[in-house]
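The chain that follows stands alone, in the form predicted on its own, written as structure tokens.
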Amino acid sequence: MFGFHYRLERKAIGLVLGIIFVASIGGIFEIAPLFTIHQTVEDAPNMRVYTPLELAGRNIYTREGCYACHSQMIRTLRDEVERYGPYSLAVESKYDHPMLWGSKRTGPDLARIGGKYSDEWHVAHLINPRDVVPESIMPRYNWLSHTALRTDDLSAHLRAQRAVGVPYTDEMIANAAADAAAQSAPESPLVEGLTKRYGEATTVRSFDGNPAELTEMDALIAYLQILGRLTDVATHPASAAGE
């Protein structure tokens, strides 16, 4: 074996061809599945995009490094499904750029956290986790409740998402700041435009309990409350497929 390798090293062309052959094996295993991706990834006709407020919350979630301690992918193991809910499907992350599946679970998986707890619970948990989970080692994020959410750049964020395949319309991009404000202010006259663009099922309420001010707490809770709820394909596969 070593003799063959030594002889091959003395022939530059043969060595190059050998390297290409060995490297192509890994490439084939990575590329070949892409030819059948439409048969392996589920369809989700009712899949909706993140609203500007939810997208802003996702950006805060990423900025604060929440993905380092929380995964967002439930495996197909029985104990995982019993603890967290239906296992995650690839289509549920189709509008996540970057995806936040994660592999570290210092805290629980958050793939199905949406709607599990009230907004008030999330506010208390983010201000001081020990108030609701005494054994928690999660740091406090109390400043989010009095930090105004920046909205002047939301249109740029939506435009960037569209560049990588998220179907935001020109109207959604143009009204991003107004839609973010409307989602946390139920009495706002802008709510009608928000629901027209994102659907009647869009959650509109004061997430941090203070509709007079749009904060980073509003955005982060709006994002957490939509996790696992962008589509119901995992819980109602037949209805999601239009059958």
Partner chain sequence: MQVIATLTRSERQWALIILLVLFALGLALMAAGRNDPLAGHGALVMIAALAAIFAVISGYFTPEPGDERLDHYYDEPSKIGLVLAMAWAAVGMFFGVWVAALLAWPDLTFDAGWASFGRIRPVHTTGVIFGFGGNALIATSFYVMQRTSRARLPDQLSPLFVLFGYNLFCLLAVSGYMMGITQSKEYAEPEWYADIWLVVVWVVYFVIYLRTLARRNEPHIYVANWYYLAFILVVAMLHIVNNLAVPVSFGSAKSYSLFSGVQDAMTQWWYGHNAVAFFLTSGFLGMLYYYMPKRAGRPIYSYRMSIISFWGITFFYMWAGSHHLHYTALPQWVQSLGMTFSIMLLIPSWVSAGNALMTLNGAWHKVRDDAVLRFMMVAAVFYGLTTFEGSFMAIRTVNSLSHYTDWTIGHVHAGTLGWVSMITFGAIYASVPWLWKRPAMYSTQLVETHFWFAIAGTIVYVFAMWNSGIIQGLMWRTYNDSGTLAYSFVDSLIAMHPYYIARTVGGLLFLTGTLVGCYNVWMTIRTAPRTSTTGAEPALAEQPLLQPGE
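Residue numbers count along the first chain shown, from 1. This is a predicted model, so every value here is computed, not measured.
Not on display, but discussed next: the form predicted in complex with the partner chain.
When contacts are judged by a 4.5 Å heavy atom cut-off, Ser118 does not count as touching the partner chain in the predicted complex. The partner chain is not shown here, but in the predicted complex it comes within 4.5 Å of a heavy atom of Ile137. Taking the partner from the other structure, the partner chain in the predicted complex has no heavy atom within 4.5 Å of any heavy atom of Glu171. Among heavy atoms of Pro98, some come within 4.5 Å of the partner chain in the predicted complex. Of the candidate stretches 59-67, 172-180, 203-211, 186-194, only 59-67 has residues whose heavy atoms lie within 4.5 Å of the partner chain in the predicted complex. Contacts between 18-33 and the partner chain, taken as any heavy atom within 4.5 Å in the predicted complex, involve Gly18, Ile19, Ile20, Val22, Ala23, Ser24, Ile25, Gly26, Gly27, Phe29, Glu30, Ile31, Pro33.
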